[in-house]
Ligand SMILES: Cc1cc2nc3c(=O)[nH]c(=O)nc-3n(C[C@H](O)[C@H](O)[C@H](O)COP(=O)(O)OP(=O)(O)OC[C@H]3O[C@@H](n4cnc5c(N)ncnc54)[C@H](O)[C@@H]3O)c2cc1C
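Given next, in structure tokens, is a single chain: the form predicted alone.
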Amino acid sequence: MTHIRRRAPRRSVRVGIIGAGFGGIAAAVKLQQRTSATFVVFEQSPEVGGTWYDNRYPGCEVDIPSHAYSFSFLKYDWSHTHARQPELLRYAHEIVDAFGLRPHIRLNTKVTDVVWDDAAHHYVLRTDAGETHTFDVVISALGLLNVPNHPDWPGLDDFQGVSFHTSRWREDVDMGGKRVAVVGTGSTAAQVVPGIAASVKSLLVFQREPGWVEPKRERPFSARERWIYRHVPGAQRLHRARLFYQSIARFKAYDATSRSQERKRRACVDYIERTVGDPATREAVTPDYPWGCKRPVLASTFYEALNLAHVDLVPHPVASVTANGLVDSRGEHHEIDVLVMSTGFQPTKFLANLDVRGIGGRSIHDAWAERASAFLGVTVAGFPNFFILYGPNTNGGFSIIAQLERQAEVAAKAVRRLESGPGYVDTDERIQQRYVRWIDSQIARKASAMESGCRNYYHSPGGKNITQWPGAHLKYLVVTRLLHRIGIRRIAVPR
């Protein structure tokens, strides 16, 4: 008699995804492609898109080439070498529609806490409306740059003009004929300043510390280029691969002692000398620290905007605010009508607005009391079946979209393992600690410029670099695909 071996039915796994930006979208697509799991995506905003929904300031665009700042699973007809905010938002919507994700997304729904049930081996997820939902797995895709950094300048509440953060842009404010101040000279400010310069009466740009600026060389793709990328087999993939290959060489400059570092600094200084007209301004915008200590700014029109007669650089931080202006650190008062705060975000406060509790009710913020850390930047020991996209030490790698895709794959592979039977997955704490030590050693050896003493957003209060990935994306791809089973272990439990 022939015995037929029947395959055991696969377990139905329920997944809750927090956030419908590119991270949450990647997680949903990978679950759909690689598992049979059911999932719900919770988004606190009225629409999908994450940072590209929130940020709508003039000049808003990505500073990574479009063909790299996109997912491998959907070919797209990009109009520019560096996509602008409206097109990036359309791209997010196109992915959602192409993969039929809309029925799975709950908009205007903020998740407040996620608590692991030790007996039932699942999570109870709660929303700000008081609803509770049960999931076997939770994936946080809240992003890194989503909590605005509002300065605590004395007198800010007394300012009688209009003030707002760049991530909460006031489209109802007409800046025509107004005296405007932009505080900050990072990547966002370098887009805002030329974006509004032509429409204002006067513009003050407050700089706490200069950053290294490189020309982005953005431009529209020609009709011929777009035809080739749409119709020639492999053309877009080849171009994408070339961009990632070039990023490997670029990362070498993060070694503060390398020749690549010298070349980068020289190129940036040359750019200043040939672009900035005023000698005092040239001196003020030239950093005295290695390239790569701060996130390099890619901007082709920022310096040109500083040359305009009605635009002035104030190379001093803001000390306080009055009813009608700003006082800089020298004590000089500057009268303004509109205050634009390009003061960044709080990237080292991971999951700041989410209470996550794992085994024994332990809070993830207590686990991170000394430093935020995660295996592969994705999982944390003691928090079973919980995955973080854009977690500790994953920023960088050239394209964060590619990084998010790798992280979503790690989560999907773990869910696939959970489908084989009862149990959960958790991270071995010893392996997580070894991984973190390796990250620290890689930063020290290959990204020493990040540790060279300037003000950047990379470091925890204890001084550890907890945001940056120490390499190009290829290294992260290899690490996630080789190590995910070593550190993330399935723990079986009786049926």
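A quick note: this is a predicted structure, and the numbers were derived from the prediction, not measured. Residue numbers run from 1 along the displayed sequence.
Heads up, the form predicted in complex with the ligand isn't pictured, but that's what we're talking about next.
The ligand is not shown here, but in the predicted complex it comes within 4.5 Å of a heavy atom of residue 295.
Using a 4.5 angstroms limit between non-hydrogen atoms, residue 399 touches the ligand in the predicted complex. For residue 181, no non-hydrogen atom is located within 4.5 Å of the ligand in the predicted complex, even though that partner is not displayed.
The closest heavy atom approach of residue 21 to the ligand in the predicted complex falls within 4.5 Å. Among 159, 221, 227, 345, the residue placing a heavy atom within 4.5 Å of the ligand in the predicted complex is 345. Checked against the ligand in the predicted complex, the candidates 299, 203, 111, 415 yield a single residue with a heavy atom inside 4.5 Å, and that residue is 111.
The candidate spot formed by 63, 142 and 404 is fully in contact with the ligand in the predicted complex: every one of the three has a heavy atom within 4.5 Å. Note that among 47-55, 430-438, 443-451, 32-40, the stretch whose heavy atoms approach the ligand to within 4.5 Å in the predicted complex is 47-55.
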